[in-house]
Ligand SMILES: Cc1ncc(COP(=O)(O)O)c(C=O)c1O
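Given next, in C-alpha cells, is a single chain: the form predicted alone.
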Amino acid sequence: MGDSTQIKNYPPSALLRRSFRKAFPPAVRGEGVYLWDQTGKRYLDFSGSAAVNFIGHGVQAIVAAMAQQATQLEFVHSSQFTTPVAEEYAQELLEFAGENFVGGSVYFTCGGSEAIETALKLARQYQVEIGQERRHQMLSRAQSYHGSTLGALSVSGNRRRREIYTPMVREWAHVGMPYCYRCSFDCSDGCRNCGQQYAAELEHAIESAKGSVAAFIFEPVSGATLGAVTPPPGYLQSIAEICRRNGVLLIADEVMTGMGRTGRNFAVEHWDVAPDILVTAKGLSSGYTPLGAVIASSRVVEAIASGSGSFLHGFTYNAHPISLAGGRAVLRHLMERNLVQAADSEREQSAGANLARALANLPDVNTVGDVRGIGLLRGVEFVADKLSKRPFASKENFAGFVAAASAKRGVLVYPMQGCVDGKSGDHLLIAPPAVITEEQINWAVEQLQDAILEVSSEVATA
C-alpha cells in the first residue's frame, strides 16, 4: 500500500495538530451533509465528523440564535448569576430526557470529557451526602471510551488512548462487555445468555470491592472503541438491576448516542433503562458550539440539596450563555423537523432505515467481517480472514487507509483501531446527519465499498 502518513501539499503549521504524519486540508464551508475544503473539493460528511453533527451543517437559525444572545449578554460566571437561557434550556432538556428525569437538574459543560468528569464527581458526592463515604470507585467496561481528561481516561478501557497515561490515572475494575461478533461465550441464542454472564462480571466486581463502589458508567451502544456494538437482550436491564440492588449509581454515557442519534431521544430508551445520571454532548449542539451536559435524576439532586447544599465542582465556562443559546436552538430545530424519527431505523423510508439497507450488502466484501449498529450510528469491522475473524496487523492501519481512500472519493468516515484487544482490530464509524437523503446514502456507500476494495486489493498484492 502507499504511505498515507506523508504530509503533502500543506505548509508547516503553528497549530499543534492531532498528527504530524497526516495532511489536514483546510475546511472552509459546510451545508447540509457536505463540507468543502479550501481547494473547492466537496466531501459528504458520512460520519458527522466524529458522530457530532446531527442536524446538518450551515443551519442559519442556530447561528442567529447565538448571535442574538451575544448581543445581549456574552458571559457571566455561574458562581454569581444564572441566565434565562440556562434556566429555560435546562427545563427543555429535562423534558426531552423523559419521565426518569422529572424533578432533576442539568449541569452544562463545554464538552463530553468535562461532562464525564462532572458525572464522576457528582456520583462521589452523592454517596458522601447519603452517608456512604467509603464509596469512591468508578467501575466501567474494558472496551469503552469516555473521554480524554484523566478522570475520564481512568474509566475508559481504550488501550490505545490511555496506555502512555496509565501511571497518571486511577485504576479501578474494568469488566467485560457483550461484543457478539467476538463473544467470549457460547453465542447460540443471540447473546442473550452470554449477556447475563457479562452482567454477572459486574456483580462480582462490585462484591469484590466490598462496599466501595460509587457508580458504574457505560455506553448503551459502544462508540469509538468498538464501533456501534449494540447490547444483547436483557443485558442493560440486568446491569441496571445489579446497580440498584447494590446501591451503585448508574451513569449512561450518551455523549455519542444521545440527542436522537439512535432513533430515540436517548439510546437507553430502546431498552427501558433509567440511569441515575445521563451524560450527553456532541449532538447536543450538533457541533455548532462546544457544549456538554450532565442530566441528574431527582434522587441525586435531592441528596445534595438537602445535604451540604452545594455541588463542590465548577468550570469557568460552564453554562456559557452563547453556547446554551446554540444548543437550545439545535434542540428546537431537531424537534420541529422530526429528526429523531428520521434516525429511527425501524421506520420505513427513514434515513436510519435507508442507511441500514444500503449497508446490508457490504459484508459481501471479503475484508468486511461485520456491519452493526442502530439508527444513524453504524460500525464496519474489517478482517484479514473471514472464517477465523483474524484482524489485520495494527501496523497495516487498514481502517486508516480505507478512510483515506474514501476521502479521496469525497466521503468522510471515522476510522479506529483496537476493537479486538485494545490494539489490533480495524473498524469505521458511520454517523451521518439526519438530513441525509436516500440518494446521498447510496452514493456514499458505493464510494466506501470502492475504497474498501481498493485497499483490499493493495493489501493482497503487497
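Residue numbers run from 1 along the displayed sequence. The model shown is predicted, which means the values in this text are computed figures rather than measured ones.
What comes next is about the form predicted together with the ligand, which is not displayed.
- Although the partner is absent here, residue 145 lies within 4.5 Å of the ligand in the predicted bound form, judged by heavy atoms.
- Not displayed here, the ligand is approached by residue 112 to within 4.5 Å at the level of heavy atoms in the predicted bound form.
- Contact between residue 381 and the ligand in the predicted bound form is not found at the 4.5 Å heavy atom cutoff.
- Although the partner is absent here, residue 282 is a contact residue: one of its heavy atoms lies within 4.5 angstroms of the ligand in the predicted bound form.
- Taking a 4.5 Å heavy atom cutoff to the ligand in the predicted bound form, the contact residue among 255, 296, 324, 343 is 255.
- Exactly one listed residue, out of 370, 219, 276, 117, brings a non-hydrogen atom to within 4.5 Å of the ligand in the predicted bound form: 219.
- Residue heavy atoms within 4.5 Å of the ligand in the predicted bound form occur in exactly one stretch of 104 to 112, 75 to 83, 203 to 211, 315 to 323, and that stretch is 104 to 112.
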